[in-house]
Ligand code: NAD
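There is one chain below, alone, in structure tokens, taken in the form predicted alone.
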Amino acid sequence: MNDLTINTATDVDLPAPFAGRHLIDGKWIEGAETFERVSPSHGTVVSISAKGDEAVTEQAIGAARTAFAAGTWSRMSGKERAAVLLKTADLIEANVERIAVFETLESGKPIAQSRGEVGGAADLWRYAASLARTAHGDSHNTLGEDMLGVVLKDPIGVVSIITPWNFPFWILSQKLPFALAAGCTVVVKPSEMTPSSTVMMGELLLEAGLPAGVCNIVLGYGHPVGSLMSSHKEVDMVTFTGSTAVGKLITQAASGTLKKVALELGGKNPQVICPDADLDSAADAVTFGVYFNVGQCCNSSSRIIVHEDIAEDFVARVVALSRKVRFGDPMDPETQVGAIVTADHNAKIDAYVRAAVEDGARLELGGGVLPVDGLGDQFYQPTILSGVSPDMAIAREEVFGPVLTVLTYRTLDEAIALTNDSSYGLSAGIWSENIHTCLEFARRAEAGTVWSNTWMDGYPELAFGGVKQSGQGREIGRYGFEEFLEVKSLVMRVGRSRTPWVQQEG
């Protein structure tokens, strides 16, 4: 551990705990009970939030249903909806620091990454605003001289939005502005571990002029809040980001009413490193991909598939870069990797690593808890494991931490087979200077996103989502926007040319 780069505790003044309340029908509601979030990095209480129950969740769903039926938002013009979304984007940018500080203290991620996440989310709101103004259906005037067909796209209705703890503000912004742009009303439940930034979003929406009842927020736990939001008959759609296991439970809960379900779930994302790759660029991207957001990222490049001729050299490059990555105090702007979200999750990560070593994997770097002076031991070392076989749990299951597994291959077919030998299919990547190799891999890889000679670049215009057990449906982009729309066909006869079905005598 002595050769790692560690940022010890900095001398910063921490804010008073944030008081989180429910937002229902435009009003802030206190909770009869509350729950606390203790910072994983600093060990202090960060927020005290109202604890939702079935009654509060029913209120929120009822408010969303009433607002949708009233049409104050659902039948508003796209121009008017876009104006509110654009105002929200401006307010997000004006409040980046306040939101980012609480996100860092609740999640453990570095403050620099929180600032980037919050500030960058404004672009999602602006893009959603453009979709609100440009959404349209289709017309068909080739059905006959007396017929006209029109395809309408209506808002799906009331949407339950359930978000995770790892990117609480960003993932909310991948869902909420697109649902609002479509004309839907919503009920939002953030993770109980990172509730504050969602409440702050509610404050900004009210300031931007969003009508009462259009966005409602209920704080609390999966049971009873999330489960009721998933099963309630007045909810038309559930969109959830989180673990595959919970996604399956949500699908089961929603099946009773056959409501639409959109899921963005786990991943075990590979990067294939070819012999002709730019190895310096690839090594830097792999290092970024495995440690970004403390490795607690559905898009984490947690396994690399390296050609056997360059494997030793490439692993050495990644190990050398990993020693220079700054781990430690997430409130230090220079820190690149912060704290693990909970002590239990830290122990789970370590258990995966220990099991892999027992199964024959080689520990090239790290392994074990990383104590940080002044902040405790809720951190994990940068860890790289080589000699991993495809059947090991660490090569197949989502570890969700700063842990990289290394597999090797001989032919492109073998690399693609290893890529697809997974129950997940969120993202995949390839590094090669041969465009034909990159395109063949992209076409054959079973993943919702394929990166070529880069990793984790994303844009509001491009849809995001996975295949297999990484989820269903898409987020952001026009495809993500259309998840919140229902298609309705309108068939019109022009004139009185219809031949009577019942022939009358005389």
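Don't overthink the numbering: it's just position in the shown sequence, from 1. From a predicted model like this one, the values you see are computed outputs, not experimental measurements.
The same protein also has a form predicted together with the named molecule, omitted here; what follows describes it.
- The named molecule is not drawn, but in the predicted bound form it has no heavy atom within 4.5 Å of residue 336.
- In the predicted bound form, the named molecule sits within 4.5 Å of a heavy atom belonging to residue 230.
- In the predicted bound form, the named molecule sits beyond 4.5 Å of every heavy atom of residue 92.
- Residue contact with the named molecule in the predicted bound form: residue 264 places a heavy atom within 4.5 Å of it.
- Taking a 4.5 Å heavy atom cutoff to the named molecule in the predicted bound form, the contact residue among 122, 250, 353, 99 is 250.
- Contact annotation: of the candidates 177, 110, 382, 190, the single residue with a non-hydrogen atom within 4.5 angstroms of the named molecule in the predicted bound form is 190.
- With the partner omitted here, the stretch from 271 to 279, 68 to 76, 392 to 400, 306 to 314 that lies within 4.5 Å of the named molecule by heavy atoms in the predicted bound form is 392 to 400.
- Candidate site formed by 85, 127 and 130: none of these residues places a non-hydrogen atom within 4.5 angstroms of the named molecule in the predicted bound form.
- Residues from 224 to 242 that approach the named molecule in the predicted bound form with a non-hydrogen atom closer than or equal to 4.5 Å are 226, 227, 230, 240, 241, 242, in the order they occur in the chain.
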